[in-house]
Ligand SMILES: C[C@](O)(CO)[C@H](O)COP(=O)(O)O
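Next comes just one chain, in structure tokens: the form predicted on its own.
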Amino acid sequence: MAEWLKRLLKRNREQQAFCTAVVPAAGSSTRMGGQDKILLTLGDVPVLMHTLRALDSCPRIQEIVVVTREDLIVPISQLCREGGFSKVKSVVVGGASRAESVLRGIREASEGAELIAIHDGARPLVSQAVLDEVIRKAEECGAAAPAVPVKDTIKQAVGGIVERTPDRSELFAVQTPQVFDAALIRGALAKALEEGAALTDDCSAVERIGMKVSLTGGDYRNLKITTPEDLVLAEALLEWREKP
């Protein structure tokens, strides 16, 4: 039996698992016109600061590791100091791919970390309810991710020609944080990198080795800022959320 599974079965259900949040913030921001989206302001505060504030406030997260590009180490370290985030353990340089960057972040986690919550630095509006539910679920089953039902009809097409229309009731848009047993995701990502596997998200790493991922309730407001339009929408959602 895998070591991570043994630990999962033996875990005292009354004792909260030690959870490290790994925050990938190393993207090239090409769809944002070359601007570093995590440093763009949202309600007069950098996007990444909103993200870290949410994670820092979550009682089920004990520490945070931020992974970024080498040229952003200084500004992001300064942002963490200015934000007074007590749980930020370190800011480290990422790798050539998201998977490599996440794995570097995981290796910075404390030795006693039992769960790893991987959350996009560009998802600043994640709620405490989403965080709490997905971490609790991962503590129970080893792998969990928040998701929302897709609203649009989805077409599968090849060369611009529709081949099929999947049943919308079975389709979900997966968000972050995606939370895993620490040993499980560490091993799954290392294996994927070794084999050169193309991963669309962190769940894909454990899915490809046969592990089931449980979905929990996501939130349509938990959007990932990728394009200028996303930033405009996030501004509106933030203003709406903060209204009395």
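Counting begins at 1, following the sequence as shown. Keep in mind that what you see is a predicted model, and the values were worked out from it rather than measured.
The form predicted in complex with this ligand is left out here; the points below concern that form.
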item: Stretch in contact, per heavy atom within 4.5 angstroms of this ligand in the predicted complex, of 78 to 86, 116 to 124, 157 to 165, 129 to 137; value: 116 to 124
item: 4.5 angstroms heavy atom contact with this ligand in the predicted complex for Arg98; value: yes
item: Contact flag, Thr200 vs this ligand in the predicted complex, heavy atom cut 4.5 Å; value: yes
item: This ligand contact at Arg221 in the predicted complex, heavy atom, 4.5 Å; value: no
item: 4.5 Å heavy atom contact, Ala147 to this ligand in the predicted complex; value: no
item: Stretch 159 to 185: residues contacting this ligand in the predicted complex, 4.5 Å heavy atom cut-off; value: Val174, Gln175, Thr176, Gln178
